[in-house]
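Here we start with a single chain on its own, the form predicted alone, put down as structure tokens.
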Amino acid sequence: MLKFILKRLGASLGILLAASFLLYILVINAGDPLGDLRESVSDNREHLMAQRTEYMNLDQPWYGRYWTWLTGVSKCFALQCDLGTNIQGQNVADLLSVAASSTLRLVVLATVLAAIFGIAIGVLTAVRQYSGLDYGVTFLTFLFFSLPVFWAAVMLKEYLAIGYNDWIKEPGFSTPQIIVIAMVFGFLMQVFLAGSVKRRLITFAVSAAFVGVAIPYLVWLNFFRYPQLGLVGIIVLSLAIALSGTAMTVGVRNKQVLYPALITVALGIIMYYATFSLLQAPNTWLLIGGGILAVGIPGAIGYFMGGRLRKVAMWVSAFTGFALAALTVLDHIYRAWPGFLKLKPRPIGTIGSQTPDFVGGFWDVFLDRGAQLLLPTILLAVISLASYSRYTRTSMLEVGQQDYIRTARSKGLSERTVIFRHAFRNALIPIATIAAFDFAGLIGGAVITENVFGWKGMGEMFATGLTHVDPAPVMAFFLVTGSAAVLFNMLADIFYALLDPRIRV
């Protein structure tokens, strides 16, 4: 494996070098970086031209400028990157660090959400092949995939930002709206749960009735301005997650997996009280450390109590612990929401990655940045959703025709075990490739999204560099996206070996 990684690194560095050379030539020949100053009638025109010439090394031949840039990039191996200065004399490395943190915050979250929901949808549609659900999901995913990014961004701004901000002042639903929402929810539930006609009708009626009662009750509680989760909600949801995880893997009758998950729920309830005061005003490192413990401790419990199913017990317990930690954080976010609305009456932002001059506590700042992150994340995730869902569906259907799947079924294994313990793991191999390309592609594709939503990220830096024929920011953008593509493709190859031991040979 080490020899393979070294060979891939060498080939990748050669590709990056050739691509950087080609891109540099294209950028410097895209126009005249001094064009605006040549047309200027300012008295200090000559001084400004000399200053810009110094910033961009325009007194050197093109190959000298490229060599200077390449020498500066080589210093990155010693953690002393020198990416030059832009057209205004600003250090590009400093600009890149700020822009990359903004863009990666957006792209990582969008990739994770798209992968989770896309893979889940792909598995579901593969299991329910050629059903109404399959056709409906196929239509919606391709619809989202084909939407023009700029148009979808404008629609999100109009309805999920401006419309929501107007509605949250006095949240409420009219009777026709409640009826329509209940009918739609009932229809979707009967599509997802399927079954006989009688079962579908019962599912539709129960789901529609539940929503028809729940919405007026939530309005009466003023839930949308004063949301509540509380300990009871956390217990109910965490128990549902523990039981669902056990049921989907080995079945709830298997005590070796069920008991560690239930113990994790009990520990989570204890930690809810133990950490309550700490989480009222936490910091980022406290949340990260808590998240690691919330996964590590339950995972260890599952490993030691799981017996012959220790791996399954470990993953179910770890997932339950992570979900409990997320629910605990959500509870504190709910508690901070009324105060946040007082500081920012129109919570969903449409421009920038955070509200300028916003002052508040940790959760207030968290909610502000989350609200600014919401719309571009939804946009990028929805666009990527189609790729994950379709590739997962195709891969699951292909794996389902293999001999070992038929053998597993003929041995009497439950359909749940066949799908999740035999088919799903092997179906993930092509998805690893999609995830690797998608992450690098989203960084490049975020240019339009960042422009529409006013994010000062890598996309904005790239577009500005092209507009002003400034190669340094453009090459910095290439350095990050190209390196990300190489790195994640290599990680995908390593992930193959973890999923399929035969590849290690």
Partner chain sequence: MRVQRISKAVAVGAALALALTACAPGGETAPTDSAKPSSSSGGTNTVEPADTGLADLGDITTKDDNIKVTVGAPDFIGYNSNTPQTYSTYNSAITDRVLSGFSYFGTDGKIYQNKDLGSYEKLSDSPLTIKYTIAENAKWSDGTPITTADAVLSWATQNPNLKNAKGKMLFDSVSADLGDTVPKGPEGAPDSKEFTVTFKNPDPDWQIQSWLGAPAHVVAKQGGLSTDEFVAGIRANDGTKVTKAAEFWNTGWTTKPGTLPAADLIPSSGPYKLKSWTAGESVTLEANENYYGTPAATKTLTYRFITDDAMVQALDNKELNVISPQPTIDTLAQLKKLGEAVNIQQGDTMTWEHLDFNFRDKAVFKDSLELRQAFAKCVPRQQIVDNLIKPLNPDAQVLNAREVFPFQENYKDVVAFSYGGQYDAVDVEGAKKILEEQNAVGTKVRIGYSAPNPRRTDQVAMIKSSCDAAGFDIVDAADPKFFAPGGTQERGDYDVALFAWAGSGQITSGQNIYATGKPQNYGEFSNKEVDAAWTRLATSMDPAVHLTEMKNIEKLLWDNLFGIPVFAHPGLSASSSDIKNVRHTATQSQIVWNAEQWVRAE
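Everything quoted here is computed from the prediction, not taken from an experiment. Heads up, when I say rigid core I mean the largest set of C-alphas that superpose within 1.5 Å between the two forms. Positions refer to the first chain, counted from 1.
Below: the form predicted in complex with the partner chain, not depicted.
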{"query": "is_contact(Gly349, the partner chain) in the predicted complex, heavy atom dist at most 4.5 Å", "finding": "yes"}
{"query": "4.5 Å heavy atom contact, Gly454 to the partner chain in the predicted complex", "finding": "yes"}
{"query": "4.5 angstroms heavy atom contact with the partner chain in the predicted complex for Asn44", "finding": "yes"}
{"query": "Partner contact for Phe478 in the predicted complex: the partner chain, 4.5 angstroms, heavy atom", "finding": "no"}
{"query": "One residue of Val184, Leu143, Ala194, Ile116 in contact with the partner chain, assessed in the predicted complex (non-hydrogen atom, 4.5 angstroms)", "finding": "Ala194"}
{"query": "Partner-contacting position among Leu397, Cys81, Val418, Ala247 - heavy atom within 4.5 Å of the partner chain in the predicted complex", "finding": "Ala247"}
{"query": "The partner chain in the predicted complex: contacting segment from 355-363, 258-266, 429-437, 303-311, heavy atom within 4.5 Å", "finding": "355-363"}
{"query": "Residues within 4.5 Å of the partner chain in the predicted complex, restricted to 46-63 and counted by heavy atom", "finding": "Glu46, His47, Leu48, Gln51, Glu54, Tyr55"}
{"query": "After fitting the core, Ala247 CA displacement of 2 Å or more between this form and the one not shown", "finding": "yes"}
{"query": "Leu124 C-alpha moves between this form and the one not shown by 2 Å or more, core aligned", "finding": "no"}
{"query": "Post core alignment: Ser238 C-alpha displaced by 2 Å or more between this form and the one not shown", "finding": "yes"}
